[in-house]
Structures are given as structure tokens and as C-alpha cells.
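The chain that follows stands alone, in the form predicted on its own, written as C-alpha cells.
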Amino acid sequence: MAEHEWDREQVQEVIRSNKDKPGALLPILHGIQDALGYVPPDSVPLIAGALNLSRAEVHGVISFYHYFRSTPPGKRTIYLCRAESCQAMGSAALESHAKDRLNIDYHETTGDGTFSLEPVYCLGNCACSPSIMIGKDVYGRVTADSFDDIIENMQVDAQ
């Protein structure tokens, strides 16, 4: 697996600004992911050293929470709701369609780097289930056809 370039100074700044907080590991991981879009695996020794933790402890937290990514996200991340309301309204079928359409699974990015697919457990749009979110836009009552339309329009916009 190829390593991705990342801004070491930016990571160290996030560590410096959060390391003295109680329970500093999560604020640091969130800060790094907010800054870079993911937590580079090579940053784990820096985090562990600053917090006097083992690399395994840091890695364990990163791998426990699905929110944290260890690879860069695509240009657009599709969050597909898997909460109860969306499940009751067909999100499993939408999930299957989305994975087939994009040819990726959760936590992966399309080969062209355009889309990443992530599960989410409620977008607060239960009355319009099933829902997805891309960027700051929430889409409700998403079907396989409307999913394809949304994706195709985004690919046209990106050109």
C-alpha cells in the first residue's frame, strides 16, 4: 500500500494544541482528521509519543471508531444513513445499490478518487427516509434511481 503525503507540521500543531486536555487522544484524532481528512498511519507514533501511550493504544482507538479514516477520502464523501427509520424504509437496498454503483464498500474510495462511502447512524431526516448526505446537502427519500441521478450530476459538476 502506498503511503500518502501528509503535512507533518500540521499534525504536530494539532497534537501541541490538544495534548494537555483531559482525554486528549480523541480531540487530537478529530483535529487531525478535520485538518487532513484522515489520520495518517505514520502519525500514530507522533501521537503515541506525545501522550505517553503505546502505538497499539492509539491504533486501537482509530480502528474502534468507524468515523476515523486511515486513508484520504475522495473529493466527495457520501454518508448513507443506517439508522432504524432509514432501515425500515429500504436503506439496505440503497446501500447495496450504492456499493455496486460505486464499486466500493464502506470506508473505501472510488478508483478515480471522486467518492468515498461512509455509514452514518442518523442524519436527522427520518421523515424522509432513506437519506444520504454529501457535503452539507442532505437528500431524502433516496431511491436507486435518484441516487444514480445525484451521483451523475456531481460527476458532471466536477468536470
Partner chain sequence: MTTVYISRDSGALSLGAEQVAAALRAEAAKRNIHCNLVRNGSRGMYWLEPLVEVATDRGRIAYGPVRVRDVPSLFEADFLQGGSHPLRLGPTDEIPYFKNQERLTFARVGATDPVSLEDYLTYEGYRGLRRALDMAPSAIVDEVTNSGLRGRGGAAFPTGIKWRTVLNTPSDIKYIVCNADEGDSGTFSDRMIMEGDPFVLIEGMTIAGLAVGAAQGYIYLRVEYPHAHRALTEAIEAAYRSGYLGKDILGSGKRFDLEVRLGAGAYVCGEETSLLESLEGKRGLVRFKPPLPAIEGLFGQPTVINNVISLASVPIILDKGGEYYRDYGMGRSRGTLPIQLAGNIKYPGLIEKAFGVTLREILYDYGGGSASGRPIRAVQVGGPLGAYLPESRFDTPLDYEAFSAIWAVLGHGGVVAFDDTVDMARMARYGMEFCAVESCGKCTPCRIGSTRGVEVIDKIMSGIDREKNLVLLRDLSDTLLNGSLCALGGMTPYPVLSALNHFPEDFGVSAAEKVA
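Numbering follows the first chain given and starts at 1. Bear in mind that the values here come from a model prediction, so they are computed numbers and not experimental data.
Same protein, other form: the form predicted in complex with the partner chain, not shown, and the subject of what follows.
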query	finding
Every residue of Lys21, Glu84 and Cys128 near the partner chain in the predicted complex, heavy atom within 4.5 Å	yes
Partner contact for Pro27 in the predicted complex: the partner chain, 4.5 angstroms, heavy atom	yes
Heavy atom of His66 within 4.5 Å of the partner chain in the predicted complex	yes
Residue contact check: Ala48 to the partner chain in the predicted complex, 4.5 Å heavy atom	no
Contact flag, Arg16 vs the partner chain in the predicted complex, heavy atom cut 4.5 Å	no
Region of this chain that lies against the partner chain in the predicted complex, out of 37 to 45, 130 to 138, 97 to 105, 110 to 118 [heavy atom, 4.5 Å]	130 to 138
Members of 34 to 49 lying within 4.5 angstroms of the partner chain, judged by heavy atom, in the predicted complex	none
